Ligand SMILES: Cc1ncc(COP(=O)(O)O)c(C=O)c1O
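Below sits a lone chain in structure tokens, taken as the form predicted alone.
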Amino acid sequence: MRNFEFSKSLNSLPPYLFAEIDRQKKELRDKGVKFIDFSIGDPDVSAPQGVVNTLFEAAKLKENQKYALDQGKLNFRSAIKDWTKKRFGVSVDADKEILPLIGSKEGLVHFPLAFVNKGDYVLIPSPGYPGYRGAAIFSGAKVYEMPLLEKNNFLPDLERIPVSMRNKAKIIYVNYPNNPTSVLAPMDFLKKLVEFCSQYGIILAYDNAYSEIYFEEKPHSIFEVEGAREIAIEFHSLSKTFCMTGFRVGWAAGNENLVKGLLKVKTNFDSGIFGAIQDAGAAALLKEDAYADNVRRIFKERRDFFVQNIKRKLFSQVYADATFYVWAKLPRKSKSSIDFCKHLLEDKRIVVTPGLGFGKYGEGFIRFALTAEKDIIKEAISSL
């Protein structure tokens, strides 16, 4: 077979973190080795039965068996509008300020293609979701990493970003509740963030995929901040809130011009979301509040049990404020997150994610995803 050289942009990407973890897990399965998987944020809870029933019935409709409009179905956009108003007290225009997506990842990664020119800078958090880096690279941008440091409660220190970089940056990615650190962003930080972006003309891409996986304090929408509508676009997902990861459905909302730019990119990449899935998404947003409450209860119970017990074992410092992740600082004798994850895999048969995989400032930590039943969590803790 003839080998063809990959593009420069593809070659410049680091190995995709979760693809590498999947490869390791496949090797174990092929050898018949049992393991406990805390690596990827894919909830083990079934999606709402009412949503599944809606999907089944909607798939029978002839109108849903044709190309979907890139802008998305009006009933889904209207459901997003109503949910946003109810949840955050924020009004958005269903026709101009909302765009359904094939999962929020699709929108987050494609978004720079609408606004970034070759050589522009994109500011990304480190540690942070690997997709942000890929988004910047594929658009021809240069990457500037913003350290999320423990001493700053894993918030970017905007004042430490060089003025020269602020003037060259086109987009900044921000994500709270945060993956992987789990922390929330207080309102005073969000206000500073909007002021910062407004002052330097930077587009704010606010990833709010975990807005509904919280325990004590409700996360905010960036549009609760005055002036955010001028410079921001916010991304949401049904994957976590309603355990619909495989459905691939989410949305972007916000500044009309930013939404319009992303829509233009989408029209050249895909032909819209299967209409039945949009109907299912509308059903989730309009009818499944009780389900979302139960999901939060399940993950809070897991978090409380896990954190209490691992502190007695290996980890003195852990963070688990929101999301279903636990961000754990390595034991003092351990220096490498990759080596420590290798130790857990080979000696304990537990798969977790090394902090370094989320960026160089993630070193010194590992991430547990509590996407397994409590009995499995107990088994893992007992083996630590």
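These figures come from a predicted structure and were not determined experimentally. Numbering starts at 1 and follows the sequence shown.
There is another form of this protein, the form predicted together with this ligand, and it is not shown here; the text below is about that form.
The closest non-hydrogen atom of residue 240 lies within 4.5 Å of this ligand in the model of the complex.
This ligand is not drawn, but in the model of the complex it has a heavy atom within 4.5 Å of residue 179. Interface membership of residue 327, defined by any non-hydrogen atom within 4.5 Å of this ligand in the model of the complex, is ruled out.
Although the partner is absent here, residue 100 lies well away from this ligand in the model of the complex, with no heavy atom inside 4.5 Å. Listed residues 210, 299, 154, 173 were compared with this ligand in the model of the complex; 210 is the one with a heavy atom within 4.5 Å. This chain appears without its partner; in the model of the complex, the one residue of 122, 148, 108, 194 with a heavy atom within 4.5 Å of this ligand is 108. By the 4.5 Å heavy atom rule, the three marked residues 126, 335 and 365 all fail to count as contacting this ligand in the model of the complex. You can rule out all but one of 254 to 262, 240 to 248, 159 to 167, 268 to 276: in the model of the complex, only 240 to 248 has residues with a heavy atom within 4.5 Å of this ligand.
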